[in-house]
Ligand code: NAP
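A single chain comes next, written as structure tokens; it is the form predicted on its own.
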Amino acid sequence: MSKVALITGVTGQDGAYLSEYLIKKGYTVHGLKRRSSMFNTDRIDHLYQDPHHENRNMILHYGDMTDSMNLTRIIGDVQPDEIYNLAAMSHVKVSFDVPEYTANADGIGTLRVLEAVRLLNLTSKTRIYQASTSELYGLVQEIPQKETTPFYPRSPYAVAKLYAYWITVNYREAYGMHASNGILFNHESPLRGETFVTRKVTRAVARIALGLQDMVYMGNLSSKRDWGHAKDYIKAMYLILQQDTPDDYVISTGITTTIRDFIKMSFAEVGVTVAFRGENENEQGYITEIDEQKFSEVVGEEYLERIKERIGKMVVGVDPAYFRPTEVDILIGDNTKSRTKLGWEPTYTLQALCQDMVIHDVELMKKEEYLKNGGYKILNYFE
């Protein structure tokens, strides 16, 4: 009998990669997705199977983290061996605009999953992974941050995740559940949502290179983050639930980089050098040089004249509207525990991650431009 996994947030970046990973390991994957008037399954369309297909290994359920009865019914029907609770309102800046919903979905939503497992008498069968976050550290009390570093959340998102973290620990200790937290630092990929900072940057770089937009506006360029690839991080989630004893783990690369440097690195992937002038909200990024050979190889020679016209022009600006009311200045994780106990290590460097995202977005933007010009090519995230 194959193992059965239930993934909440299955249509997100991590849910898509994790589903693919578990299916390759022989799992049957059940995914929880919210009802919407539009399809939002782009990331998992290549995995989805028609309900009439025999012996399906990918099954979707409509549900919501704010609906206790719905979650309890699905968990009862699925009888999962493993639950990966990835669902969340995960955009930190937006959480300041929808704090109540964030608390309900991200905090109490986790309680609903744990309580459903307890009420259904699945505590000895079902292992639970809770997606915790480096945002818990907020106003950092220690550099680098590890499992014992005190938390100091600085956003409604982080505060909601703090409740989720501790209620997971509490149910583990109170009811003997195999429930673990993965404190994942920032992890990105070509599947990252377009409003998250790294994807916002790589999409903008691609569009500027293709002449589809002139510049991009950012928030705090000096913020430092520990960025890894989502493909590496979902493997850590799996490893956490394979341990005999439940526990909490920091998953990180141990390297921190400013948003400013990530922008430079992304432009460099298309052969464009960007230099910054000014400070704070007056800081601006300008194109200073173009490696014509690299640009032609990555973007295309037919776009070279357009980008050459942008030399000396501003391509990055700062808009204070993107600043958070309470900022998190630096995140850098100590992954010693995950390396020694899980045997996990990241395989992607930041440069490899950046290259993966930029090349993907260049090709994606070319397809969008093709469609606008009357083409009929189908967009596919996994091409």
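From 1 onward, residues are counted along the sequence shown. Computed from a prediction, not measured in an experiment: that's the story for all the values here.
The form predicted in complex with the named molecule is left out here; the points below concern that form.
At a distance threshold of 4.5 angstroms between non-hydrogen atoms, E269 is out of contact with the named molecule in the predicted bound form. Looking at T11, you'd find a heavy atom of it within 4.5 angstroms of the named molecule in the predicted bound form.
Not displayed here, the named molecule is approached by A88 to within 4.5 Å at the level of heavy atoms in the predicted bound form.
At a distance threshold of 4.5 angstroms between non-hydrogen atoms, A105 is in contact with the named molecule in the predicted bound form. Checked against the named molecule in the predicted bound form, the candidates R154, R192, K231, R207 yield a single residue with a heavy atom inside 4.5 Å, and that residue is R192.
For the residues A160, I240, V117, A131, the 4.5 Å heavy atom test against the named molecule in the predicted bound form is passed only by A131.
Here the chain stands by itself, but in the predicted bound form one stretch of 273 to 281, 163 to 171, 79 to 87, 305 to 313, 79 to 87, has heavy atoms within 4.5 Å of the named molecule. Counting a residue when any of its non-hydrogen atoms is within 4.5 Å of the named molecule in the predicted bound form, the hits in 157 to 193 run Y157, K161, L184, F185, N186, H187, E188, R192.
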